[in-house]
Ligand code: COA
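Coming up is one lone chain in C-alpha cells, specifically the form predicted on its own.
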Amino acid sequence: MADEVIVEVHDGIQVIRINRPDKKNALKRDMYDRMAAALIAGDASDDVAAHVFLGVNGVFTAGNDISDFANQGGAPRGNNHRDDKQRDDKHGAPGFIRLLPMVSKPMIAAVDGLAVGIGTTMLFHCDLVFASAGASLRTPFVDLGLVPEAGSSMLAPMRMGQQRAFELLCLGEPFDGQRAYEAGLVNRVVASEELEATAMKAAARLAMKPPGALAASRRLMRGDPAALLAQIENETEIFAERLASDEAKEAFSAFLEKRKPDFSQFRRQT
C-alpha cells in the first residue's frame, strides 16, 4: 500500500503530501501522527527551512475520516479517564492540532479542490496559503453536531471578521479560492496547474533567507501562543462532549446511511 502521507525533504523544503486519493485524502489517526512527526522532525533539522502541505489528484483533504468520528462517539472522557484523555491529546487529530501553534518554521499550504474541516482550519496556522479557483473550503462542524476546532473559533473572526467567520464556521457556507482570498485566508489564487510550483517557489525564497532573522520575525508576528492554546483546549473539551451527543450520533448515522439528518427532536432541549 502506498504511503498515505509522503514526506520528502529537498533544498531546504519539507513537503508533507496527503496521499489517500481513493478517500479524497480523508485523514485517519495514523496520518495525523505522521504529519505531526514530520513537523517536529523538520523543526529540529538544519536541513529544513519551511514546511509545505500538498494534496494529490486535485484534492487537498476531505478532512477527518467520518468513520473515525463515528467510532469516537460516546468515548469515555473526564477525570475518571485521564489516561484515555492523555493518549487522545498526544495522538491523532488532537495531537496534530495542539502542535500547529507551536511549529517554529514557516508553514505553507497549496490548496486545490476540497479542503474540509481540518483542511480549512489548519490554514489559519499557515504563514502562506495559495489556492486554485476551484478550491472549496468547508467547515461542516455544526452540521455534524460538533464545534469548530484548531483554534478557528478565535482565529477566523480575527482574520475574516465576525460575519464571514460565522458564515464559514456556523452556516457552513463553502468558500472558493477567490472568496477565501477576499476574506484574507489565502495569499493568492493561481491556476491549478501552477499551484504546487507557486508554493514551492515561495518556500525556496524562504529557504534562502537568514534563518535567525526569519525565525525571530515570525515569532514577533505570531506572538505568545498561550491564548490560542487555551482556546484550543476549550474547543477540544467541548468537541469531545459533542462527539458523544445525540445530535452528533444522528449526524454521523445520517451521513453513513446517505440520508438527511433529523434534528427536530433536539430543538426543545437547547
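Please read all numbers here as calculations on a predicted model, not as lab measurements. The first residue of the shown sequence is 1; numbering continues from there.
Omitted here: the form predicted in complex with this ligand. The next part is about that form.
*Asks:* Thinking of this ligand in the model of the complex, which stretch from 227-235, 201-209, 23-31, 47-55 has heavy atoms inside 4.5 Å of it?
*Replies:* Only one stretch qualifies here: 23-31.
*Asks:* Between this ligand and Val116, Leu144 and Phe255, in the model of the complex, does every residue show a non-hydrogen atom at 4.5 Å or closer?
*Replies:* Contact check passed for all of Val116, Leu144 and Phe255.
*Asks:* This ligand isn't shown here, but in the model of the complex which of Arg164, Lys105, His125, Arg138 has a heavy atom within 4.5 Å of it?
*Replies:* Looking at the other structure, the residue within range turns out to be Arg138.
*Asks:* I need to confirm a contact call. Of Ala36, Leu214, Ala240, Ile66, which residue comes within 4.5 Å of this ligand in the model of the complex, counting heavy atoms only?
*Replies:* Going through each option in turn, the one that passes is Ile66.
*Asks:* Could you list the residues in 173-208 that come within 4.5 Å of this ligand in the model of the complex, counting only heavy atoms and keeping sequence order?
*Replies:* Heavy-atom contacts within 4.5 Å come from no residue here.
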